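This document opens with one chain alone, in structure tokens, the form predicted alone.
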């Protein structure tokens, strides 16, 4: 059985996933950097990854009941190396888990908030944030409120209260969260209850996203929505999108928490897709493109 090993370490999570070439997930080991106060400091995250990397790799191999000699792809130096785009990997694992054929993706993570669809041989961005990503907005508010990192789950936990009006910023197909964040932080400092603000942040931001996703469905005539990225774990966001899809008689799928945030499985599966379509590179020729947008990626596997 041919196996691919994927390593994810682009942000707060160090993950190792092992996937067969038939799409069977054999292991998904990971360790996430967290804090009780404050946010991510890159040097601290790097130290975390350095400390846990050997343990996480060992856990993945043990979970899959294999050794490194059983890995066919993406092992540094001797085996073929497949460079993948982190965001594209999120979409592909969404396809695998949700059995999606041709969806509109809502990709919401720390820095990313995008409405994406596949058309004309490429992924197309139909709408996106004009400033900060949804996850980062939630994390920044949580930091101001002393809730620690990651902030999204804490805000979801405290989101019980009365609605407080916040800026609703939809501009065509794009959204903006910075004004909402500024207003919420200001109200927090003036003594507005934390529960009211957490509730209002979620209701406002998620309604904005449901609006632009619905508009993308109408424009593309696609019949599925896949919610992917770390914020996909939020139950309220899932409920709002599911209600919208049900009203349109369309399919909605939120990728489960284990596979919605950063993890090695998505890297391994994306590696398989590209490897089986002839993509590989020698280790000495590997380069990193940190600013590559999802609509710039050459798609060989669809």
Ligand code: ATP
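Positions refer to the first chain, counted from 1. Keep in mind it's a predicted model, so treat the numbers as computed, not measured.
A second form of this protein, the form predicted together with the ligand, is not displayed here; the remarks below concern that form.
For the candidate set 127, 229, 94, 103, a heavy atom within 4.5 Å of the ligand in the model of the complex is found for exactly one residue, namely 229. Although the ligand is omitted here, in the model of the complex all of 138, 234 and 262 have a heavy atom within 4.5 Å of it. Among residues of the shown chain, residue 177 is not one whose heavy atoms approach the ligand to within 4.5 Å in the model of the complex.
Using a 4.5 angstroms limit between non-hydrogen atoms, residue 153 touches the ligand in the model of the complex. Using a 4.5 angstroms limit between non-hydrogen atoms, residue 111 touches the ligand in the model of the complex. Taking the partner from the other structure, the ligand in the model of the complex has a heavy atom within 4.5 Å of a heavy atom of residue 86. Residues with any non-hydrogen atom within 4.5 angstroms of the ligand in the model of the complex fall in just one of 189-197, 165-173, 103-111, 118-126: 103-111. In the model of the complex, no residue of 13-36 lies within 4.5 Å of the ligand by any heavy atom.
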